[in-house]
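Only one chain is shown below, in structure tokens, and it's the form predicted on its own.
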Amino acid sequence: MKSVTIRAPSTIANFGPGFDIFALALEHPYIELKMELTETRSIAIRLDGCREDMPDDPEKNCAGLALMDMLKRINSNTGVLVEPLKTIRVGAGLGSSGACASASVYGLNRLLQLNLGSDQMIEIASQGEIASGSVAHADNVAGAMLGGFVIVKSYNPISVLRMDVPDVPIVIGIMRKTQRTTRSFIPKAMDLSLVKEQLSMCSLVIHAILSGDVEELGKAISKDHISEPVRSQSIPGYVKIKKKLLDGGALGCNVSGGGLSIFAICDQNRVQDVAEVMKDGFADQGIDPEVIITRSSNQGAQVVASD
């Protein structure tokens, strides 16, 4: 193959209480990248027609940064052209950088027939996250690479466990971050009583996934002592919006990824109701967000076209 088009899903990372550990792949939105081997001996990012604001400098682009690391590891100066065809809203906590990095690594692995394992590809793709968040974290890229529900078991070395996820309807109120990352504000220490509660909620998330209990999953993802208290501060009226969603039929609610979007889990027959509550909750704060209805997905990165 000389060219390949890869699709990778959006993700909700830090899924509930699982800071840097849990991620859930979504049916949509998703990204598509067309990748082509060239004779240039360099990486190029072509943004013609790309609606999202992203850098074309490979050293500042998540896909470019991941590919640079990948080519360095295999000691290759192969030329690669990357062209985003479909994108995810950048800076909205939906894993756009992780999806781009995962798709690019998955695509080059196929183009060069390297036969890298999933943990190897996730480790390389995580380097692309440095472009957006200054830290190589693996939850988003693992979810985008593998689909389903993922647990990052280890960071040194990278080791990821994937589970099939039940059908989980999700409503997301999408807001773009006003700053690059809030990671530096996450506390480095936590009271032992909160640690125990956090571990309990993480265990409950896994049990709900394995048992297919969407109601239990909603309860489990609604409580978080690490990421939510920090990132929700940047969302106007977050506490009121969350209460309105839970009172209005949502089974659970939390901040999506690094923020500022809010996601809510619900029963299939309450999806439209929860979407309206989401719109009304933001409207009460003078905000007109994009509200989307999606669901969990077991599909990770995949080839959708090749030449």
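Given the structure is predicted, the values throughout are model-derived calculations rather than measurements. Position 1 is the first residue in the sequence shown; the rest follow in order.
Not on display, but discussed next: the form predicted together with a small molecule.
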{"item": "Proximity of Ser102 to the small molecule in the predicted complex, heavy atoms at 4.5 Å", "value": "no"}
{"item": "The small molecule contact at His137 in the predicted complex, heavy atom, 4.5 Å", "value": "yes"}
{"item": "In the predicted complex, Lys219 touching the small molecule (heavy atom, 4.5 Å)", "value": "no"}
{"item": "Contact of Arg183 with the small molecule in the predicted complex (heavy atom, 4.5 Å)", "value": "yes"}
{"item": "Answer option from Gly257, Gly281, Gly64, Gly252, heavy atom within 4.5 Å of the small molecule in the predicted complex", "value": "Gly257"}
{"item": "Candidate site Asn14, Asp20 and Arg231: all three near the small molecule in the predicted complex by heavy atom within 4.5 Å", "value": "yes"}
{"item": "Proximity to the small molecule in the predicted complex (heavy atom, within 4.5 Å), stretch among 165 to 173, 78 to 86, 113 to 121, 138 to 146", "value": "138 to 146"}
